[in-house]
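Take a look at this single chain in structure tokens; it is the form predicted on its own.
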Amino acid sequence: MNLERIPNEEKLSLCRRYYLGGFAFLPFLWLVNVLWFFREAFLKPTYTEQLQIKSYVKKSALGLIVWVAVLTTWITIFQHFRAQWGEVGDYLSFTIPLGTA
């Protein structure tokens, strides 16, 4: 999508939709929001909606960082302790790995 052709009001609306969509356990939308709107928020000459877009981009980046940190922590803990959790670890697994090593 070429953001150059979209009016500023619609850019703000799109940025807001991606920001709110990230709260529906879709952190990929926050990543897209940051990548698409970073230039609009921080590098373009000032316009009326830019302050709100900048706010949504910052919040999207923060949400993405938190989501990645939580997910990485969970994956690390699960991979390390799954075998020790026994049956609970097996119930949480989509596929049950063979062995414990």
Partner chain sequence: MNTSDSEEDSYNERSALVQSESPTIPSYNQDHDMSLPQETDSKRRRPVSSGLDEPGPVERERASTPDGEEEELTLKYGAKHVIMLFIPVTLCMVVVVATIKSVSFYTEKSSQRLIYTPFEEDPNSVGQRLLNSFLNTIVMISVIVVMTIILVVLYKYRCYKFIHGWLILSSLMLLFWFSFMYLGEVFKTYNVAMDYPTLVMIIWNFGVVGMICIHWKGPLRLQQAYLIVISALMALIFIKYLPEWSAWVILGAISIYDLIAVLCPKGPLRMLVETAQERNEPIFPALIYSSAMVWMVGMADSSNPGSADERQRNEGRARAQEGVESEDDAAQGGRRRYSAEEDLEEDRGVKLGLGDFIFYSVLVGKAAATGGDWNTTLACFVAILIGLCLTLLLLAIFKKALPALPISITFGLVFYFSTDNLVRPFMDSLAAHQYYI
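Just so we're clear, the structure is a prediction, and the values are computed from it rather than from any experiment. Numbering follows the first chain given and starts at 1.
In what follows, reference is made to the form predicted together with its partner chain, a form of this protein that is not presented.
A.B. asks: Heavy atoms within 4.5 Å of its partner chain in the predicted bound form: does Ile75 have any?
C.D. replies: Yes - in the predicted bound form, heavy atoms of Ile75 and its partner chain come within 4.5 Å of each other.
A.B. asks: Should Glu87 be classed as touching its partner chain in the predicted bound form when contacts are defined as heavy atoms within 4.5 Å?
C.D. replies: Output for Glu87 is no: heavy atoms all beyond 4.5 Å of its partner chain.
A.B. asks: With the partner left out here, check for me: in the predicted bound form, does some heavy atom of Phe28 sit within 4.5 Å of its partner chain?
C.D. replies: Looking in the predicted bound form, residue contacts with its partner chain include Phe28, since a heavy atom lies within 4.5 Å.
A.B. asks: Does any part of Tyr18 reach within 4.5 Å of its partner chain in the predicted bound form? Heavy atoms only, please.
C.D. replies: Yes, Tyr18 is a contact residue.
A.B. asks: Where, within 1-38, is there a heavy atom within 4.5 Å of its partner chain in the predicted bound form? Residue list please.
C.D. replies: Met1, Asn2, Arg5, Ile6, Glu10, Leu14, Arg17, Tyr18, Ala24, Phe25, Leu26, Pro27, Phe28, Leu29, Val32, Trp36, in sequence order.
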